[in-house]
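Coming up is one lone chain in structure tokens, specifically the form predicted on its own.
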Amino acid sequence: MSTPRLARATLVAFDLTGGPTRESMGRMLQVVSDDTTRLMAGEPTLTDTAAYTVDPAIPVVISWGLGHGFLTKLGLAAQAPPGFGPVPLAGDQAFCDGDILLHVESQSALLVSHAVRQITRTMEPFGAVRWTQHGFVDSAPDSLRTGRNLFGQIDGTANPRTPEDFDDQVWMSDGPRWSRGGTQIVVRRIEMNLPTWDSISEAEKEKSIGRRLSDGAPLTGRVESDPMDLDAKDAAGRLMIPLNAHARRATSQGTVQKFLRRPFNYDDVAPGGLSSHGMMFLAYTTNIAERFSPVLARLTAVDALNKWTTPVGSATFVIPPAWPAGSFLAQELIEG
């Protein structure tokens, strides 16, 4: 999460099947941990059906999340970290919830597809796919510049930048031992109405966002990193950043409401040739209830961009920390 996003990403949510137990989930997590370790090292899995597809020269990054359903089905709901829980569901239930999350990124769409295919085969005895989402970004793998979404908007300016910021905003330091060093993720699927957005002027778009499209600078500033002056007015006495501007409504109120934003764009074509555009909005935080939910509530109530956006999916997961050699994902949770 502290490294630049890679060009391609696929997220898959699974629902556990067959009466899961700690023993069966321990077996599953050991196998998928081995798959993950091998694929991230540029090696095929033990049961790889396309072993020559892997390429050690092209990184593949894989992470896992455990949902509320996973904890509940194993009788471990009390082991949820502070602040973890659902956020309001939205739209198509096909893109909501899930017991387990698989997240794969790479510069290569082929390697993303290969990793998802092999791990999904491993998961078949334990869980069924609930939903799958594919996304992309415009940034190069070695670039720290902020990426753009399909509105042409620079998205993620207020993200944490330093290790200290990540320790404060992203990595959990309290709560159950199994989750410390991990994070909580919110996955929101948001459709964008590009035809109506394209029909308005650049000035209208910038007033709705609260930032310039050209460089991401606030309407009161010169460069992207300038702080917003929420009290600044123009010559006519009007607020330069309107009260309903997205950037104003999303701005952290105090130091608590800060988190990492890592959105991916999507452009899906449905049968009949109709295209659906939008973003997979991924938010990483130490505490969903304290840091993310208040911001979401403000944006849901009032946000100029709501005219062109529609949430159609929502899910939350705990991402455990990386496991050491000889261990496996969430071993401490499973074994107590």
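Residues carry their position along the shown sequence, with the first being 1. Since we're looking at a predicted model, the values are computed, not measured.
Omitted here: the form predicted together with protoporphyrin IX containing FE. The next part is about that form.
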message: in the model of the complex, is there a heavy atom of protoporphyrin IX containing FE that lies within 4.5 Å of any heavy atom of residue 158, even though the partner is absent here?
response: yes
query: Does protoporphyrin IX containing FE come within 4.5 Å of any heavy atom of residue 70 in the model of the complex?
result: no
- request: Give a yes/no on whether residue 261 approaches protoporphyrin IX containing FE to within 4.5 Å in the model of the complex, heavy atoms considered.
  value: yes
- request: Indicate whether residue 250 is a 4.5 Å heavy atom neighbour of protoporphyrin IX containing FE in the model of the complex.
  value: yes
query: Out of 36 to 44, 23 to 31, 297 to 305, 50 to 58, where are the residues with a heavy atom within 4.5 Å of protoporphyrin IX containing FE in the model of the complex?
result: 297 to 305
query: Here the chain is shown alone; which of 187, 104, 190, 100 has a heavy atom within 4.5 Å of protoporphyrin IX containing FE in the model of the complex?
result: 190
- prompt: 96, 194, 154, 76: which sits within 4.5 Å of protoporphyrin IX containing FE in the model of the complex by any heavy atom?
  reply: 154
field: Contact check for 228, 279 and 309 against protoporphyrin IX containing FE in the model of the complex, heavy atom at 4.5 Å
entry: yes
